[in-house]
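Only one chain is shown below, in structure tokens, and it's the form predicted on its own.
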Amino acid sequence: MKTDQQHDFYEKLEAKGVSRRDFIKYCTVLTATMGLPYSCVSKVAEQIEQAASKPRPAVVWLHFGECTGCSEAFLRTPDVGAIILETISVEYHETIMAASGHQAEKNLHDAVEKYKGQFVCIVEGAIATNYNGAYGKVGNRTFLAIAQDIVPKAAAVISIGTCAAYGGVASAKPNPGGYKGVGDALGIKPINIPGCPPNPLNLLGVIVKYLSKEPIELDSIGRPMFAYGESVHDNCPRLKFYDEGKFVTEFGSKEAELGYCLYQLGCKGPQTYNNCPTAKFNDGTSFPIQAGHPCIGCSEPDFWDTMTPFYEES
């Protein structure tokens, strides 16, 4: 028997175009993404339902040096985006909020004061640190000043995308603005969800774990192990072995139908830790290597400098 709260939850999702079947499908994918057995699907679904029935945690989403692609990634994956927005209450987000100008700045101030010490701060984009942060401003305040003011007041901090996690494209050489990831710029240890953009399922997985008060195991550079514990190469459908100093196709396998390994075309899959081959993008349709493009290592620190040239073996 479904409770009134469950009915309420599914009605809200259906109003956003997400059927109960769609929801269970994403819970199944999310369960696998988090490295849990299939038997845990119902538990994951229940956790999300319960989270949606309780007062949702306030989220202040800050935008700094970025392209908004990380926000677009989950907003343009409607089913995942709808589920995320049913589990959190976004109090401030420059892209999706109706307010602008002074009203937007007031909303930010009011949200931070009202939920001080309780809200989740999601940061998208790198922070300029040179010249007192003069290379980036919002509302006549530097990214650095905003971050120093707001981030310490949060209960938890999530850096979404490689720019926020490690500096990303914004910090590529010569980097005159001194752009850095949130952790380096502020001297803190956020949960990093890198990628350019990251898969929205990884954000949803972190949210579910946070809401259920489950520990989130992180690697040495702050990434959730459930999403970044294996290299792209480990799970690549194009290739499974290395022979005489060169990566070659495992002929005879079903995977071989996808074509040969892209390592000699510059694929950085062996050095890149991300769950792209298993979680995929666009509702699980595909990911760059499956579409024929080499991995460029976008979830790794300093990838723009250390992984180039992108189309040569490294």
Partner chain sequence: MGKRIMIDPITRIEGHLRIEVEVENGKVKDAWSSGQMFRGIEIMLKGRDPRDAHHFVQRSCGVCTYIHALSSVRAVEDACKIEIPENARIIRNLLHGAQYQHDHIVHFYHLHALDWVDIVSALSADPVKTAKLSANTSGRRETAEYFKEVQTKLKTFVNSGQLGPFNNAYWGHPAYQLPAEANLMAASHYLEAIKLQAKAARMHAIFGGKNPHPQSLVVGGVTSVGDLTPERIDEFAAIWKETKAFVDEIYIPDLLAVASFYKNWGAIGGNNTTYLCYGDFPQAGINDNLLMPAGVLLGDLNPKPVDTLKITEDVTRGWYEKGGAKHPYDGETKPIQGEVTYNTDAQYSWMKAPRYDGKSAEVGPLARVLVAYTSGQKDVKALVDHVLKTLGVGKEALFSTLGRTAARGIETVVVGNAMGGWIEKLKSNIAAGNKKTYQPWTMPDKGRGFGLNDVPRGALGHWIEIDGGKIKNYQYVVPSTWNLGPSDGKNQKGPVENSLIGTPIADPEKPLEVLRTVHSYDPCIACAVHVTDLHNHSTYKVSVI
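Residue numbers count along the first chain shown, from 1. In this text, the rigid core denotes the largest set of C-alpha atoms whose superposition between the two forms falls within 1.5 Å. In this text the structure is predicted, and so the values were computed from the model without any measurement.
Beyond what is shown, the protein has a form predicted in complex with the partner chain; the following relates to that form.
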{"item": "Y135, heavy atom within 4.5 angstroms of the partner chain in the predicted complex", "value": "yes"}
{"item": "The partner chain contact at S220 in the predicted complex, heavy atom, 4.5 Å", "value": "no"}
{"item": "is_contact(F287, the partner chain) in the predicted complex, heavy atom dist at most 4.5 Å", "value": "yes"}
{"item": "Partner proximity in the predicted complex: Y166 to the partner chain, non-hydrogen atom cutoff 4.5 Å", "value": "no"}
{"item": "Contacting member of I193, C236, A73, L201, with respect to the partner chain in the predicted complex [4.5 Å, heavy atom]", "value": "A73"}
{"item": "Contacting member of W61, Y263, Y273, F281, with respect to the partner chain in the predicted complex [4.5 Å, heavy atom]", "value": "F281"}
{"item": "Whether T33, V41 and K213 all lie within 4.5 angstroms of the partner chain in the predicted complex by heavy atom", "value": "no"}
{"item": "Heavy atom contact within 4.5 Å of the partner chain in the predicted complex, the stretch among 181 to 189, 227 to 235, 127 to 135, 148 to 156", "value": "127 to 135"}
{"item": "Partner contacts for 25 to 60, taking the partner chain in the predicted complex and a 4.5 Å heavy atom cut-off", "value": "R56"}
{"item": "Core superposition between this form and the one not shown, C-alpha change of H293 at least 2 Å", "value": "no"}
{"item": "Per-residue C-alpha change between this form and the one not shown, E14, threshold 2 Å, rigid core fit", "value": "yes"}
